[in-house]
Structures are given as structure tokens and as C-alpha cells.
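Only one chain is given next, in C-alpha cells, and it is the form predicted on its own.
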């Protein structure tokens, strides 16, 4: 059984959330880490390669940051956000890139099933939630995304650096004003909290992947590094770069 550190940070500021994830990616001595978190206030995160001007919803969001992972913009509200930080030699990320997404998404799908959601990989079909020109993650789907009711409900992206991986993901618990008609857990059960979904998903991770999860917290060096990195994520020149 593999030991994983679990860090939960509910209602944290956007820049600090991104700073801590980068710190976890860049901590080569850190144990395998699963982080579960939410944002306060709600914020929109741009994918690393996006331009602010190409995402119309960015002008409406009260707070905007840029992630270090790619993909489209996400409105972080009414969701559970997760990050996984581990070495690339971990079995979860061995082999082809797509296989690692399949492994992570399969366990999320198993947790969603416990809430009455039949989530499946998108495959080759087009979704009702797909839209052109918005730059939003949940309006653009790929074959490995988890979908139900012909709409996207789980999106994730990775950043690989220095023999490690950071895997970001968003599990939608309800729709948001900036994303509109996308899939969410509320399609089957309303009022599910991030903490409630996190408890079910971590139980599935233990059962399906054989993880032994140990509740923990960032160490002092990680906290200090996250605080330092948050200054960059709070810098409008980084967020609005071209």
C-alpha cells in the first residue's frame, strides 16, 4: 500500500492556491501529495498559454489568475479542485500521457457513480456544452474528458517538470454564471459540498488504487515558497501577458 499525503485547504485565495501547487511541483523531496481545495472568493484561472483578451469571461470575473498547467479557463466556484504532485516514476503516471488521465478519471468516475452520475470518457462524440470562441475549459472537450448528459463535467491538465508532475483538475458540483450549461453533480443530487465529494473520492482512491492517505499540511518551506510564488500569481503583468 502506497502512502500519500493529503492536504486540504478550503476557501483559500486564488494566488496562494496557485503558488502552493507550484511549490508542490517543485519540491523534489516531497512525498506523493493529493491536494483538495476550494477558492474564496471564487476566481477564474486562465490556462498557461491563454491570452486574457481571448477569454471574454475574464473581464467579468472578480479575480483572475494564470495557472501553470495548460488548457482552457475555469471558473472556480461550486466545484472541488484537486491537484496531484508526484514523481513521474509513480505507477499512476507511468507509460503514455493519455493513460495517466484515464487512470485518474476512472477513479473520479467511480466516485461520481456514488452520487448517481454515470460519467464516461467523451470519446469521439461532440457535446452539447462545446462552444466556439469562449476560451473556457468546459466549453472545449477532448476524448478523455468525463461527460454525462452530453456535457462536460470534469476537466484536468498536467505540467511536467524536473521528473515530477502536477495534475490539476476541476470536478463541477453545480453550474456557474460564467460557464452556463455544463454537466455537474447537481444534475443528479443538489447540495453536495466539496468536503462531501472529497470524502467519497478519497475512499475510492484508497480502494481502487491502494493508496494509504495521511492527512497532513504543507511543511514550512512549502508554505514560504507558496507565499513567495503567490506574488507572481497576483501580478497583473503575468495574468495579462500576451
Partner chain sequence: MRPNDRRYTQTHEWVKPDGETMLIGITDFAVRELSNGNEDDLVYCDLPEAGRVLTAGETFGEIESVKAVSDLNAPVAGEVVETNVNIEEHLEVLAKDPWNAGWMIRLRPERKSLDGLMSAEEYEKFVAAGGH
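Residue numbers count along the first chain shown, from 1. Since we're looking at a predicted model, the values are computed, not measured.
Below: the form predicted in complex with the partner chain, not depicted.
- The chain is drawn here without the partner chain; in the model of the complex, the stretch among 108-116, 160-168, 128-136, 75-83 whose residues come within 4.5 Å of it by any heavy atom is 160-168.
- With the partner omitted from this view, the residue of 55, 68, 34, 61 that lies near the partner chain in the model of the complex is 68 [heavy atom within 4.5 Å].
- Using a 4.5 angstroms threshold between heavy atoms, residue 148 stays clear of the partner chain in the model of the complex.
- Under a 4.5 angstroms non-hydrogen atom cutoff, the partner chain in the model of the complex lacks residue 92 among its neighbouring residues.
- Heavy atoms of residue 121 never reach within 4.5 Å of the partner chain in the model of the complex, leaving it off the interface.
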